[in-house]
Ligand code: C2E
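Heads up, the chain below is alone and in the form predicted alone; it's given as structure tokens.
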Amino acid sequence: MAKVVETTLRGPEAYGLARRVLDEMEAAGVWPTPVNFELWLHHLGEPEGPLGQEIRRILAAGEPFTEAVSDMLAAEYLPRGRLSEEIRDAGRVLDRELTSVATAIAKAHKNQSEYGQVLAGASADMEGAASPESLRTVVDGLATATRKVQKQNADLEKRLDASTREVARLREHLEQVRRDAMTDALTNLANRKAFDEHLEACVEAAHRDGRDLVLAVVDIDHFKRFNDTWGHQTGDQVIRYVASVLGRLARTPRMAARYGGEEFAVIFPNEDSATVEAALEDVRTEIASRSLRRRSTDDELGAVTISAGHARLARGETAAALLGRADEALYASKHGGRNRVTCAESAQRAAA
């Protein structure tokens, strides 16, 4: 569901969909809050999806569309709502485990204190023991107390071991949640948030260490034509194909991301412009050499081409400025006829 709506919102149909959303929300008496608007975008973007069916059920039953209903639908059907719920669940589990461990440690501290009192008492009784029988009684009592505290310590060790395993499982789950939050659902590349954070970190590291950093921006040529001719599902197929080629290019420490719509970005740490230019040319050639077919009908879509621009980080330059220059190089590729790679520095020297 999210993929269909995301693609629609990045095309000319977005404005019509937004107007329909507002009109139908007004007709249904639903306030256009940000959560409601997003819910109805998904509802009208894919009316036969689970969310669309649930909203139709609510309206048909005459149930009021309250904030509580909105929050419930958002938590159940919107990707960010599900992510927030997973994080809240993880927090509850962690809180439960920490409370359990704290209780176990407090109990162990009490047991140790009591055992210390037993030892102190046994020491005094042994000094005052007048006969072997009384001494044996003291020793038996001491042995019983020792066995008791040993069992309590063993129980505590098991409790701590179980909590350690549960926290490790929780940490692994949260790491997966974090990866999901940083991954584009359509392409499995890094998403815009992950790209922004990684680019800032790479720029900082490059300035600190005095190393090269090159940023490339890639765009699918004539993508609107694919969507208008073949529909959004075929457009998604084209996006996934280009993403798969870029994904193979982006071996560590490189990073490829879906920047938005049909646009991608690739970060090249510790590489010079010539190396990046050659890598992008290989990608451009591979993509253009293949004729795609529509999966559902096997219709031939023809060749897909990309345009790319790249820029090398200048001394003291910010991530935003670097991205701006890479974008300018991309536009130069577009204006130069598409299906080409442009180096920002080379274009600047040629224009001087």
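Keep in mind it's a predicted model, so treat the numbers as computed, not measured. One rule holds for the numbers: they count along the sequence shown, beginning at 1.
The same protein has a further form, the form predicted together with the named molecule, not shown here; the description that follows concerns it.
Heavy atoms within 4.5 Å of the named molecule in the predicted bound form map, among the stretches 148-156, 242-250, 191-199, 213-221, onto 242-250 alone. Using a 4.5 angstroms limit between non-hydrogen atoms, residue 237 touches the named molecule in the predicted bound form.
At the 4.5 Å threshold, heavy atoms of residue 69 stay clear of the named molecule in the predicted bound form, well away from it.
Of the heavy atoms in residue 56, none are within 4.5 Å of the named molecule in the predicted bound form.
The closest heavy atom approach of residue 35 to the named molecule in the predicted bound form falls outside 4.5 Å.
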